[in-house]
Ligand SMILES: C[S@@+](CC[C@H](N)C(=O)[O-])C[C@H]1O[C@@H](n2cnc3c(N)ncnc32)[C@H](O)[C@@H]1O
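In structure tokens, the next block holds one chain alone, the form predicted on its own.
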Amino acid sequence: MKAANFIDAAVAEYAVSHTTPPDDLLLALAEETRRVTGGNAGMQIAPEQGTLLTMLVQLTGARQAVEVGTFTGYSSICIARGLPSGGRLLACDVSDEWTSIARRYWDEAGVADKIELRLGPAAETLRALPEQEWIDFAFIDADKVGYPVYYEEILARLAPGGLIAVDNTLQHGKITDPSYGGNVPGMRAFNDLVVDDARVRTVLVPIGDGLTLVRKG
């Protein structure tokens, strides 16, 4: 897992080296992910993002969390570790193959009792959730075209003062290049949507591949 590649490499490595590192279990999960998922391993969050997720959950006092995009379980472990006893994380994904790895590591990490996995299109899973403000913390890290839908469905259910963290919002530094294709145009539109949303306050943090933090109210 590499440090952010859109800032000076030495500064990025320095920042990582001065962040609490992942423990042996997370290192083992990252290594297995690299070994078995090949080119898909880049979908895993950066280790410093994992440290930040745990801290954010703890700082917000979140008890009810939702994750859109679980992959092999690194981020869900980090979120679940930040939850108090009795806290719950709903993990949404479409891949039984990748999440089977996650399930093993949830057990090893001792957080399986905090996590409920629902397989299927995340938009459908979110729309089926209770229509009340009960989510304290959410993490979005899935297909980029789905971000606006995931954001709106979660925000409608987010408690006042609740926090949403959104990954990949800098697109490896390509976000400022209007000629770049792929996911960049959609992410630029999403970033504009969030910053113009009067319902929230937001900050885009240049960590990992860009992590946008959105607070309701």
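From 1 onward, residues are counted along the sequence shown. A quick note: this is a predicted structure, and the numbers were derived from the prediction, not measured.
Keep in mind the form predicted together with the named molecule is missing from the figure; the text below concerns it.
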Non-hydrogen atom within 4.5 Å of the named molecule in the model of the complex for each of Ile45, Val94 and Tyr150: yes
Partner-facing stretch of 127 to 135, 140 to 148, 104 to 112, 80 to 88, counted where any non-hydrogen atom is within 4.5 angstroms of the named molecule in the model of the complex: 140 to 148
Distance check, Gly69 to the named molecule in the model of the complex, heavy atom within 4.5 Å: yes
Residues within stretch 13 to 29 having a non-hydrogen atom within 4.5 Å of the named molecule in the model of the complex: none
